[in-house]
Ligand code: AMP
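Read the single chain below, which is given as structure tokens and is the form predicted on its own.
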Amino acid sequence: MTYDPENVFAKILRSEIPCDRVYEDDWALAFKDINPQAPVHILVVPKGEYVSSDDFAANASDAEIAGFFRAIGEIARLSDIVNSGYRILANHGRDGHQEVPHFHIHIFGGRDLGGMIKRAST
């Protein structure tokens, strides 16, 4: 899959679409999800053009990877969810239900998030 510079997150990064920003540095932009699934639901988007977690891991520089994951930790601290706990999630591809073809991490917190996933019935 090739990167589409017209995806919604690319437009948010270029400030063509507004968002409720909660954090920004050289490596990442974080904003509140417009359809939150938990009291804290923040999307963290790297500033580089990466389609998926696989693309990011394979092609981002060490500095981009370190900066991005440090940003996730800082956002969790700023959101006051470190002590109570939180979940990070990255969807990848069709089966993973990735809706936007720009790598991003969801941070969920603010309540008990329950088990990881439901088992598929056999």
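Here the structure is a predicted model, which means the values were calculated and not measured. Start at 1 with the first residue shown and count on from there.
There is also a form predicted together with the named molecule; it is not shown, and the following applies to it.
Of the candidate stretches 90-98, 53-61, 66-74, 22-30, only 90-98 contains residues with a heavy atom within 4.5 Å of the named molecule in the predicted bound form. Proximity of residue 41 to the named molecule in the predicted bound form: non-hydrogen atoms within 4.5 Å are present. Though the partner is left out of this view, residue 12 does reach within 4.5 Å of the named molecule in the predicted bound form, counting heavy atoms only. In the predicted bound form, the named molecule sits within 4.5 Å of a heavy atom belonging to residue 35. Within 4.5 angstroms of the named molecule in the predicted bound form, the stretch 100-115 places a non-hydrogen atom from each of 100, 104, 106, taken in sequence order.
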